[in-house]
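Heads up, the chain shows up twice below as structure tokens, two forms, tagged structure 1 and structure 2.
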Structure 1
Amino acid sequence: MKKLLSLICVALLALVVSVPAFGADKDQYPSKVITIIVPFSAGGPSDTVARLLAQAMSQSLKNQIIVENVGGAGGTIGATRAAQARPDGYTLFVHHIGHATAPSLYRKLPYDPIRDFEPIGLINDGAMTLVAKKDFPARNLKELLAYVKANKAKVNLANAGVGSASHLCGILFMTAIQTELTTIPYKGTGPAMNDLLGGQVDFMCDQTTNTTSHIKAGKIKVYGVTMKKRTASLPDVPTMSEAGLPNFTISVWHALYAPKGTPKPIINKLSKALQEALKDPNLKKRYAELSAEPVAQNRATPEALRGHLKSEIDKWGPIIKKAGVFAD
């Protein structure tokens, strides 16, 4: 009996020694590659924002961070994957404003944007632009509004798919002008922009990260930016309010999350790394080229993101419900 007890004690001691304490693991974090899930295809605005952030945070954490694109269903497939990931700090999630609008857009959402994620911090604010094909008749926003209302049966409005930032901006635009238009959803920003450049669709609302180079090259017309002030990359383009549509503002913000249950010390370390990354000169320069402005340090925190996400969910819910737009 004594021999049996001795063997059990030895086995238990070996188990304790072989399995490191979770607290020690947190102290050593990160000790392996971190993956950031982006719920959209590679090359899009959110992918660009995330890859620049991953590069800067890798330097701060002295650890490799890679981006995994998990697109589809307006970002909900990637969000579901992130929500179900192990909460150990090695799977993170970057999403834009669509994370706040998904509860209103989707009848059966397999996750809860607040309950199933740990907020780490906001990343940036980005403007959108209202743009049209090069030969569209309207020369400015005032003419565009008049033309659209007079020809609403034959004018079409493209977007990058249900739940995309361009879709949300389009809903807000139709609500603001009280005119329902034919909308053409695409599977991503790239295909929508390609058809706009080719003249197959009339106009769309899209992020400056995707439109700025085409605007500067004269390949598409631009009628306004959606921020409260003009953007540095397009200083000659008026805000939508200046151009004739008062109080039309929408910011395509991005934020960083972790799965629910990720230990607080790890969340705090990631938040500090995020804040350091947003001060990186190269990141600030690259974001500025995309008209994506890094947030102030006090907004790159779990508390700030938690409050912002809740307020955006409350803001967009009534707008989407009134528009009667839902996805299965």
Structure 2
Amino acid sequence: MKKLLSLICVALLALVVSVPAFGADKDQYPSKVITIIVPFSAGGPSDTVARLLAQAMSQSLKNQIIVENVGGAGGTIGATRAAQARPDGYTLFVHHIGHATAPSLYRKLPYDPIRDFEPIGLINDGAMTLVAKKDFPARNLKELLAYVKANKAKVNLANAGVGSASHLCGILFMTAIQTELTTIPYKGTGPAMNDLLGGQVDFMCDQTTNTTSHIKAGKIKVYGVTMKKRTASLPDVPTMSEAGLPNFTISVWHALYAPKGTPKPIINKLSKALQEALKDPNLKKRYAELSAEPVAQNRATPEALRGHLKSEIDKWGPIIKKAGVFAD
């Protein structure tokens, strides 16, 4: 009898424990601080995009949102952490195009960008710029190409690790000029920019969110923007095509995710808050100053992000395969 009673107790306890952890507070969500994991260092482009978004979403959700930087390995360390987080709506994840290229670049990836995440919505599209330290000898892209080819053993190119946007842009650049250069990986282009400003590295390709203010202040040189058209915040900077490398285009998009299994009502609430945030005048003003363009409202949805991520994975796979770059 005693044994039976204790068995019943254990069964009851298991029942209580197996009630979904979020069942109780799903309706009151959010009721505590939300953390957005950014898979790159503080001060870089993804960090900037995420912090401005966190501020605006905090207002629409009337709840505090903080950013945690988990940099390294081109964003895959932060992505792994986000994939393994509790799916209760209190850990979110902002990543860029690198979320779509990692499966082709990494032989062993501890997560699957589609299977292990719930898409919430796209955030923005943005241009990249090819920039160099202030005293780099080349004055324009044509001079840069000649200089780099003649000095390839001593020129180095910074990036934020295999799979980062700066790394992808670097692959496109080296493929376009058929010259292999030494690359220097950082945990994000925030610290890479510090070294570029200090003259410790020669050049890099990075989002306008990180380069615009330094270009305008004359602290770094710029050779081109990676879009089909010039970008509004840097109207005097030519496109890479205008400057001498035709069809050199790459646009960096950011998106918001939650770990797989986050309840649908929470995802819908977050998607609505994202859409609200993208209309926020302060966010719009700051994004515009940095040439980060908030997406249209119908792209800030789980469905649009799901489709976009899949098509970007399919698009980049063959390009990366052709370039023959892999990481373990």
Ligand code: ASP
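Every value quoted in this text rests on a predicted model; they were computed, and no experiment measured them. Rigid core: the largest C-alpha set superposing within 1.5 Å between the two forms. Here, residue number means position along structure 1's sequence, counting from 1.
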Completion exercise
In this pair, it is the form predicted in complex with ligand ASP that is given as structure 2
Handout entry: Hinge of the chain between structures 1 and 2, where one rigid part gives way to the other, from 104, 151, 251, 264
Key = 251
Practice task
Superpose on C-alpha atoms and tell me the smaller rigid part's rotation against the larger one between structures 1 and 2, in °.
Solution key: 15
Fill in the blank from the handout: Using a rigid core superposition, the C-alpha offset of residue 240 between structures 1 and 2 in Å is 3.2
Practice task
Superpose the two forms on the rigid core, then give the C-alpha shift of residue 158 between structures 1 and 2 in Å.
Solution key: 4.1
